[in-house]
Structures are given as structure tokens and as C-alpha cells.
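Encoded as C-alpha cells, the following chain is the form predicted alone, with no partner shown.
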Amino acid sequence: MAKIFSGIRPSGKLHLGNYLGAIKNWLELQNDSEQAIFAVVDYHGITTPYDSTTYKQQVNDVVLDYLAAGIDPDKSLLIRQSKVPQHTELAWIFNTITPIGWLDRLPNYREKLDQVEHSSDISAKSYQNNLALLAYPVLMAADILLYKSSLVPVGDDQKQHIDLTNEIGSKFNHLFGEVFPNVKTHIVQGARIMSLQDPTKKMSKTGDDGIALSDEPDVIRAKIKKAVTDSGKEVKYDEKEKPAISNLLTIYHLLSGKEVNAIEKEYGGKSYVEFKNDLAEVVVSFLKPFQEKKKEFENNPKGIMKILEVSEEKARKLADNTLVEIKDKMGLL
């Protein structure tokens, strides 16, 4: 059985893409794993401009989203990355053996640089070209290998980071002795839900291009109504010729359980307007029980804090065991 680790940055509200591309997979994996750890990776979230006055609440919101979506603290550890200091300690150790060339070749690094450069945040200039933008994949490797995880559910765009994690782990094993397992990726359909306004880009946590898990029904209907479509009138799945409709069909399929070809037949001869109206109701219905559960958790802050404290204490013990082994092999004990 596998040891699972995954995490999401608390930068903005979680959206359907996060649920369908990550959290939905977690729910399946937590039932059949030796160890499952899901994190709010708040140290990753401070590598780009953020609001320190609201950040704690953003972290808490993601915790509530995890629990409302079905993460079970009896089966999984639910942690805040910054509450387990061994993450950054192992990241520093990995920094000592990770060549810069391994990092600046990653396309995500260039994307992050561009994201910060074009950010409208007033503090954006303070984040341009900072070391963390280059080195955050090393922290990601530490997040995963700290618990000797062997399986990580990720989207296609994160696969290169898992490859890097394995390169770092393999180099450590070669230099100091066997500690870390080979990490495999778990990629499933729906891992890349695209923007409602630009189907060439992933759904974002900001603006109107994504549907937040917490969006009210009328907000969801308005966003779906404004979602871009392709030329023509046919509701048909074709990623190359009809990327916008294909994205909407994927969302419909994953939330309703209906096969894409069945949805295509259902809307044969019907307009985009009819299709989008029905899709909006599918989304509203799907999110209703999630939103009701989240409100229940919001009303029990002491219970939520207890869940976190118990999970984080267990995580620190697991992390300590790994670091003792690492330091012993490195001559640091």
C-alpha cells in the first residue's frame, strides 16, 4: 500500500479545478493507503504576493474546504505546512545537493516569474526574482520525501516537479545511503480543468474565470452564463477545435457522472445557452451538500483546531523519524 502526500496553496478560494483535479482523487486514495497526509502548503503560498492581514483566514478556509469535501481525519493527517518545521529543515538539506540548473530549467519557474512581474499587487516588485521562486520545488520535494511518500496525486503540469523530487531523492541516496523511495504520480481525468474565460489556461483561484467551491448559486449561474464558447453551435467534445465547450463538457461529465457522448447526444440540436443553463444547475446541485457541510464545520472552530493539532503532532513525529535517519547518514548526529 502506498504512502500518499499532496497539498494546495492557500492563495485564493479553492475552485472546481482544485476539487476535480486534486481533492476528489484524495478521497479515493485515503481509503486505500498505508499513510495519507494532506497539507495546506502555506509556506509555498508566501513565495508570491499575498495579503498578510487575511492569510490566516485563507489557510483556515482551505482547511474547512478539505474537511467539507470529505477528507477524513480518522484516515488521513490534515496539516498546515508551517506547523511542521521539519519541512523547511529538510528543504535546506536538499538545497545543499540540488544544482541550480535542475531548477531554472523548469517551465513553472518562468511562469511564476511572469506571474509576479504582471501582478497588480502593490508589493509585487518585492517578490521579483526572489530565491523562493527558484527554490520552491526543493521545498516541494521536502514536503513529499519527509514522510517517505511513494505516491503523489498531481496534475499533468506538476509531473516535472515529481521528476525533480525523484532526482533529489536519488542523489541523496547515492551520496549518503538509501533513505528515500521512488515517488510515483497519480494522474486522473479532470486533472486540468480550464478557465471559463480562456480555455488555454488552467482555472484560477481569482477573478471570474473559475468557480469557487463557496460560490453562491446565482454567482455560479452568472459565471457559467459568461463562460466563453467556440464558433459554431454544436455541443461536441473536441479539445483542438472546440476547447471552451470541451472544458464545459468535462465539468458536466465529472460532476454529473454522465458520459461525454451521452451529454453530446442530449444536447444535439440544442443551443449553447440551453447547455450552459443546465450545466449551471448541475454545478449548483453538486456544490450544495459541500457548502452545507462547510457551514457546519465553520460553527465548530474548537473541533477543527483539535483535528489540526492531533494531525500535526503525528506528522512531526513521522518527520522526526525521517530526519534522524537523514542526519545520521550525513554525519550530523
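Owing to the predicted nature of the structure, the values given are computational and were not obtained by experimental measurement. Quick note: we count residues from 1 along the sequence shown, nothing fancier.
Beyond what is shown, the protein has a form predicted in complex with a small molecule; the following relates to that form.
Trainee: Go through 253-261, 94-102, 227-235, 135-143 and give me the stretch that gets within 4.5 Å of the small molecule in the model of the complex, heavy atoms only.
Mentor: Heavy atoms within 4.5 Å of the small molecule in the model of the complex occur in 135-143.
Trainee: Judged by heavy atoms and a 4.5 Å cut-off, are 9, 152 and 161 together in contact with the small molecule in the model of the complex?
Mentor: Result yes, every residue of the spot touches the small molecule.
Trainee: Could you work out which of 283, 36, 41, 62 is the residue within 4.5 angstroms of the small molecule in the model of the complex, going by heavy atoms?
Mentor: Of the candidates 283, 36, 41, 62, 41 is the one lying within 4.5 Å of the small molecule in the model of the complex.
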